Every structure is written in structure tokens, then in C-alpha cells.
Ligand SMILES: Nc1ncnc2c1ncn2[C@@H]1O[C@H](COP(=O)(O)OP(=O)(O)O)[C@@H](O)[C@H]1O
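What follows is a single chain, given as C-alpha cells, in the form predicted alone.
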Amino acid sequence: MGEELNDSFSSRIDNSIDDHLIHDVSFVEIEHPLSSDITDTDAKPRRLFDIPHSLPTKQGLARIVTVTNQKGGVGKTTSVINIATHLAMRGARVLVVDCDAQGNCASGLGIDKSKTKITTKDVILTPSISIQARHATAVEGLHLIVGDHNLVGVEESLSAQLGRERRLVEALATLRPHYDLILIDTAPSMSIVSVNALTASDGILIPVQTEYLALEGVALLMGTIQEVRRLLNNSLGVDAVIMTMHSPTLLNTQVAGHLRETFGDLVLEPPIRRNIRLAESPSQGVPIQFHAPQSHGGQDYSLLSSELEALWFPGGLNNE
């Protein structure tokens, strides 16, 4: 029965085809020379992000740099601690402001948070007390304003106040003449505290892990930077991109190449290699320069910090 149906169906299909309607088609390829008026001789590779570059620091004031990435676990705090330490050991006067509720900068610099009376939250709520909020560290010339879990409540406390995005600008205004560099550590989220940090900053330092998901946080950050520039701080720009948690694998090498292609000369060398000594040093309450300066982590941060020193202080440190 099935065969009869198939034969009947085939015959109907065959009978419906009119051979005289089928024509052979041929194609002729003709070359036309390009007109000179449509040739773009200035064409350049399109960049993935619209990246605003930062401007020089005003004479006599500390350069304020926020270290941030909206992706967590990329080595922001480790970078803040070790870059600040290296520059302080080179003679710079450095202040670290911890705007992360985890407060790990204190642990990494050997400060007991439980004994701290004035924290970053207090400074943001009452900018006039910023001078009393500073703590000396074991590194000469390096001071810290401690962050802790109380920063989580800042959003609610500032919700009904005008000018809440500029509280850190006010707080750091009295401190800028006394330092060469102010480094701000931030949480991997764009809270009112992080917006305060970006509003107060001259430039941004972006740590990026050499993994394929690295650009996800950077893409979010670029959008935030544009909004902050438009509404709050039109001089905000990117100082540099640093590569962290790098391993000599094919995957990491490919991602590092992609970052260099995307960000061009904003990427600073060398990448910070994965290193157990870097993970150990916070537990000892000291930076890598004190714990294991000859380790891969110690050497990488020393070289990277030298590059940042040349970028931030092109005329040399005043205290040298």
C-alpha cells in the first residue's frame, strides 16, 4: 500500500514540472576599478572600547588613582598594597584609601581593624575628619584610611543627602597637598562608595586577570566611566591596564595578546604572575616587598611599579 502511494505521489510531482520553464543560467564576472573618492586612506582598526585617557595632575597636589574592576577576584587589593609600598619605599608620600567593605588593605599592611576608631565610612559621612582618619603603617611614608564592613551601610545613610557623590572629593581635598599619590581600593560593584572614588579621581588603574571572562568586567566599567565623566567628573580617564594572575599557558598568553590588542599602549608590562608568595604575604601582615621580594610576585610588582612611577611622576619624585 505504501509503495502504491509513493508511486502515485512521484508521478504527480513529475507531471507538474514543465521542462520549457527551465533555463540554464550563466554568470559573468566584471571587474570595476574602485573610485578614489570612496577609498578610506585613514581607516584604522576599530577599538572595542571608547577609552578616555587621563590628564596630568595639578601641580602641588597628589595624584588620585582608583584601582577598580567590576569583576571580582582580579587582584585589586594586592595591587594597591604592593604598588603603594614600592612607591613609598622609593620616596613617594602615599595614602591608601580602602573603599572596600572587606577591609583587606588593613590586613595586608599589618593594621588591626578592630582597634580603628575612624574608618572610610566616617570620612565619607563627615569629610572634615579625614585628617584624623589616617593610620601609619610599617612602611615609612605610607598611610592608610581603613575600610570595614560598615561601608555597606553608607548607601542608606547618604540616600537623602545632596551632593552624596562628592563626599570623598571633599574629604581628600585637605589631604592632597600632603601626598604625592592617593590610591583608592574599591569593591567589585558600582555602589555609591565606588562612584565617590571615581568622582574624586584623576585616573583609573584597571587590573585585569588574563582569563577569557576578563573583558566582561572591563566592558561594564567603561560604561560606568562614561557616565561618571558625563555627570560628575569630566576629566576622569584611564591611566593604565595591568595584567594579573598570569600563567605561562597558551590560554593566558592568548588573552594577554587580546588585551594588548584591545588597549594598546595602556597595557603596562610585565604581567603579574601567579605566585604563592603573593597569597602568603597578607597572612603575614606585610607586602610582598617585605615577605619575599625575590619571588616572581615581588619582582613583577617591582618592575610594574617602576613603570607606574615613570607614568605618574615623569619629572621624578620630589623627595628623591
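When you see a residue number, it is the position in the sequence shown, counting from 1. It should be emphasised that the depicted structure is a prediction, and the values quoted were computed from it without experimental measurement.
Heads up, the form predicted in complex with the ligand isn't pictured, but that's what we're talking about next.
For the three marked residues, Cys99, Val123 and Leu125, no heavy atom of any sits within 4.5 Å of the ligand in the model of the complex. Comparing 286-294, 254-262, 270-278, 51-59 against the ligand in the model of the complex, the single stretch with non-hydrogen atoms within 4.5 angstroms of it is 270-278. Interface residue among Thr119, Ser194, Thr77, Thr137 relative to the ligand in the model of the complex, by the heavy atom within 4.5 Å criterion: Thr77. The listed set Met245, Ala214, Val94, Ala106 contains one residue whose heavy atoms approach the ligand in the model of the complex to within 4.5 Å, identified as Met245.
When contacts are judged by a 4.5 Å heavy atom cut-off, Gly72 counts as touching the ligand in the model of the complex.
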